[in-house]
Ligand SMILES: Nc1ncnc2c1ncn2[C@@H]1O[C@H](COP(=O)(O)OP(=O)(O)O)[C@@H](O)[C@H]1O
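A single chain, nothing else alongside it, follows as structure tokens in the form predicted on its own.
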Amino acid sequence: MGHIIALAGKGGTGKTTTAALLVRLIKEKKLGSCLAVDADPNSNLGESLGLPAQESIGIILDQISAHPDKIPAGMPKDRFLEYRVGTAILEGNGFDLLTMGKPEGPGCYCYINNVLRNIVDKLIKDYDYVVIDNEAGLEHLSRRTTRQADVLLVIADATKVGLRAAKRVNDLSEELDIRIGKRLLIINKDSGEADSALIKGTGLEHIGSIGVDQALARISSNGSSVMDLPPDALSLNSLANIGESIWQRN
């Protein structure tokens, strides 16, 4: 079974960038095969990795729900969906990418989502590491991808609002009955002003912080991927120094 690292956090915290940096580190440290799953409806993980998505699971599910007659005669729906999921996986340099896309539309998706979750659970077993970039609501973890994670990694900024949002993400994961091993917190763009009581109140283990990285800011402003970051970049090295807690298997 792949080591599942699920990232979450409110918008603007650098969650997607951190997910992309993790994929890069897993690749560069030769930890094993890696599947990056973009489960945020904004679908920016592929761009952060320099591998823009061409098709999403959301589009595929819409097509199947709206046009079930398009399924080849004699092919079970679950087999057809598994085939379409396979065609949606992009092969990168040292990692693969699967983009989940937007939440479902007005049609009935209950059966399809159950089948999809079984397919993704099978897919995860083919990789050593799976990095899932979630939205704050954890919609895909609860309904479409998998209901378990070895690590829930919450990214927050150092503000009271940011840390309270991190607590809400952690609380939500418990309400959704997602099986989680370690619950970790990284404070991003930190200049040392985070309130220790608020950090403790999140219920997450604070494993470290990442300061403001000018090299990363330049990458973001010109639309480049984290793969273009120089090896001495602050964000990359900070994450590498605290990453053992994230990718280490129990």
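Just count from 1 along the sequence shown to find any residue number. Keep in mind it's a predicted model, so treat the numbers as computed, not measured.
The same protein has a further form, the form predicted together with the ligand, not shown here; the description that follows concerns it.
Of the residues given (I59, V212, L31, A66), V212 alone sits with a heavy atom within 4.5 Å of the ligand in the predicted bound form. Per the 4.5 Å heavy atom criterion, the ligand in the predicted bound form is contacted by stretch 184-192, the sole one of 50-58, 197-205, 184-192, 23-31. Heavy atoms of L216 reach within 4.5 Å of the ligand in the predicted bound form, making it an interface residue. Looking at S220, you'd find a heavy atom of it within 4.5 angstroms of the ligand in the predicted bound form. Contacts with the ligand in the predicted bound form, taken as any heavy atom within 4.5 Å, map to no residue of 63-84.
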